[in-house]
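Form predicted alone, single chain, as structure tokens, below.
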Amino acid sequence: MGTKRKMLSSTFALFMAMAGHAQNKITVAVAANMQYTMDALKVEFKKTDSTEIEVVLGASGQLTQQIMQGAPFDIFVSADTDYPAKLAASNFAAARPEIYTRGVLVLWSVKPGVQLDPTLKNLVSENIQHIAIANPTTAPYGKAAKALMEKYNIYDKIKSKIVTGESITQASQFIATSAADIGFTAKSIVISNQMKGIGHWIELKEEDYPAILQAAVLLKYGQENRARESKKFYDFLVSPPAKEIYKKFGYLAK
């Protein structure tokens, strides 16, 4: 009988430990441009907190749709301010969205001989057959790229060449694998350890496209299910250590 009680006690203790571990975990919906930056943020956060951070990557618009359809995300880290504001207006947010950084758009190619021009004149060249961008309707960096092409009055001339990725990650894959001759992506991607030194890129003029202000929002699901863990990581996203990481990955002060 004593042995049976010990076994039951051990099983209960294991169950409680597993339950505690499950509660000590949050799920964060993250805009694709933040993929490598988020890895660094998680490492820094782990220095002072044991909460496990599970990341779901995607285009900001797609992630917003998933949240509004009931996806169990605790925090949303967007690549713009419009989608977090939409969630707040639709009663999915537990707090007002906060801008945490500002993104930078670059033009990138891995193909030898492809010229990079900040005025985009080279995109009309016959040597350029495919131009990668993220979907402008769901990805803020794609929206910024389209606005830039429209500013220089070349969008209608080259739109047949455009290859659209579901997110900035997919658009970047098109460029990195030479599926596209050239394309628009986030500076945070091309200077990451994973992509550094691959091909060549130029930073595009900030004044030539709408400012890519990026906001995060604490979601109601997080507040209702994992309030302490969610709030702590949410606060960390706008802390001085996090801002140093954004700077390291090429983002601008908000």
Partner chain sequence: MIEFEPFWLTFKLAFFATVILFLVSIPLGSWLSKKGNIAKTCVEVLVSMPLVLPPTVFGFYLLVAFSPENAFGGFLDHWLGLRFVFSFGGLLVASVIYSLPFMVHPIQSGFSSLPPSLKEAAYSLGKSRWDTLIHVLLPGIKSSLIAGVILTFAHTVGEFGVVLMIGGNIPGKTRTASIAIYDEVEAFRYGNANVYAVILLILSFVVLFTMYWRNRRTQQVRIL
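All values reported here derive from a predicted model rather than from experimental measurement. Residue numbers count along the first chain shown, from 1.
One more form of this protein, predicted together with its partner chain, exists but is not displayed; see below.
Novice: In the predicted complex, which of the listed residues (35, 192, 51, 64) lies with a heavy atom within 4.5 Å of its partner chain?
Specialist: Only one option qualifies, and that one is 64.
Novice: May I ask you to choose, among 145, 180, 107, 75, the residue with a heavy atom within 4.5 Å of its partner chain in the predicted complex?
Specialist: Checked against the cut-off, the match is 180.
Novice: Is the gap between residue 162 and its partner chain in the predicted complex 4.5 Å or less for some heavy atom pair?
Specialist: Result yes; residue 162 sits at the interface with its partner chain in the predicted complex.
Novice: Closest heavy atom of residue 166 to its partner chain in the predicted complex, within 4.5 Å or not?
Specialist: Answer yes; at least one heavy atom of residue 166 falls within 4.5 Å of its partner chain in the predicted complex.
Novice: Is residue 130 near its partner chain? Define near as a heavy atom within 4.5 Å, in the predicted complex.
Specialist: Yes.
Novice: Report yes if any heavy atom of residue 184 sits within 4.5 Å of a heavy atom of its partner chain in the predicted complex; otherwise report no.
Specialist: No - in the predicted complex, heavy atoms of residue 184 and its partner chain never come within 4.5 Å of each other.
Novice: Residues in which of 91-99, 147-155, 78-86, 115-123 have heavy atoms within 4.5 Å of its partner chain in the predicted complex?
Specialist: Of the stretches listed, the one contacting the partner is 78-86.
Novice: Using a 4.5 Å cut-off on heavy atoms, which residues of 104-126 contact its partner chain in the predicted complex?
Specialist: Only 111 sits within 4.5 Å of the partner.
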